[in-house]
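Let us start with two forms of the same protein chain, each given on its own as structure tokens and named structure 1 and structure 2.
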Structure 1
């Protein structure tokens, strides 16, 4: 028995080794370097100075940063919540329609990926332009006043972020909904539950893995977003990603940019660890009940 276990263990190591190497080279080592650069002094020529210092950590206490950090968190959280709110009924519908219609709907979901990300963002800039069709149509319908600006504000950033991240919420939730046993909903209705209660009490807990995956796939990229606020946002819509880009390319202060990046990395790792712990807890609970 032990003789068979050893070759199997070696096979598992060989299969997973490329993934470990990929994660080490492209994630772990760069992350460690970013944290290390945070404790190096800046160079007047835009490089990294010699020695070690805590000066960069002190400069992170800029009084403007708390507002930017808070804006980044609430906009990312709101984007994630709205994407999941929109993606859940869409995924439910996708999993219940005929296979032929499902193929066409899934094609529409992934169709935006066939176009460059920058082209799509600039298309929204044209659409929201003060002289654009959308602005004139809303003014004609008396929904907004002529002096209302659809661009360069937090609302425009939020709209484009939801549009960009929505497919990343639909696909994992749909993958979980497709495997869901819909006879459970019928059983709940037979026991007296209404359609909405069956949806909330039976369907949503049954696809919690897809919901958690959608949360990670939307929230984490939203935290680091800087292209969308830079193109359709204004000075009051800056996010932490914009400050990192500014410190890197404009100020040429790499340690400061690394410090902000390290802070962002911690902000990304915290929800990942929390969700992983929650998934382990949910996985362990049924096993303990079975025992």
Structure 2
């Protein structure tokens, strides 16, 4: 047994090592370093000093931080919820239309994903600008007063976050909806369920794998948002990402930035572990039913 496995193991290591070593050096070690540097002092030249200290951990008790942490969490949760809310009926529609129309609609969904992220965020800055098209239109319609600001607030950040994250919710949910057996919905209706009831208790459980993937794909990157609140947000809509960038580029206090990043890494791990536990439960469920 072990004699037969030997040459196989050798070639396995040969093809695994290039990517494994690369990611070990440039991904795993740097991630561990973030935690280690949290306990290092900063030096006056913006580098990392010698010795160990708990100074950074103490300054993380900054009274502004709890508000920023909460804002980061609820903005990300709201973005994720709204993205899934929009993506689910959309995926249902996409998987039901004729293949020809579907191809064009999918292309329209994917196109923004391939275009420059900064350009898409900037497009909203132009659209929401105090002297821009949307503002003038809304004032003319008497929907807002001339001194309402559409930019530099939490609403603008949320809107643009949904705009950039929505394709990441649509694609996994659509992939699940495409495999869904729509005869189940007909069966539910034959058994007396209304459209809405059939949608909620047959369709949604049927695409739960897609919903879970969409949750991860939107929620985790949202927690690390930095560019969107930086460009369309203001001082009242700062998120953790903005603080990390500020500590890195403005104050050049790398240990402090590392401390915030270590916190964010831990925050990101919670939903990841939760979802993978849920997934494991999902894949085990059929076996248990079989027994």
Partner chain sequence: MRPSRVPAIVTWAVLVFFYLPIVVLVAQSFNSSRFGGHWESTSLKWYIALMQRDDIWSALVNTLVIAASATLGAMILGTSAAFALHRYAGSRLQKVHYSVIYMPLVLPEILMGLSMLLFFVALKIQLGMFTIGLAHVTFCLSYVAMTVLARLQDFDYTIIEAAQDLGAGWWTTLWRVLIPMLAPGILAGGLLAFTLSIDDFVISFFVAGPGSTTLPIRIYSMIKYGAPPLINALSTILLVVTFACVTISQLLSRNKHAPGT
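Numbering follows the first chain given and starts at 1. None of these values were measured; they are calculated from a predicted model. Superpose the two forms; the largest set of C-alphas matching within 1.5 Å is the rigid core.
In this comparison, the chain shown as structure 2 is the form predicted in complex with the partner chain.
Once the core of the two forms is superposed, the Cα of residue 16 has moved 6.5 Å between structures 1 and 2.
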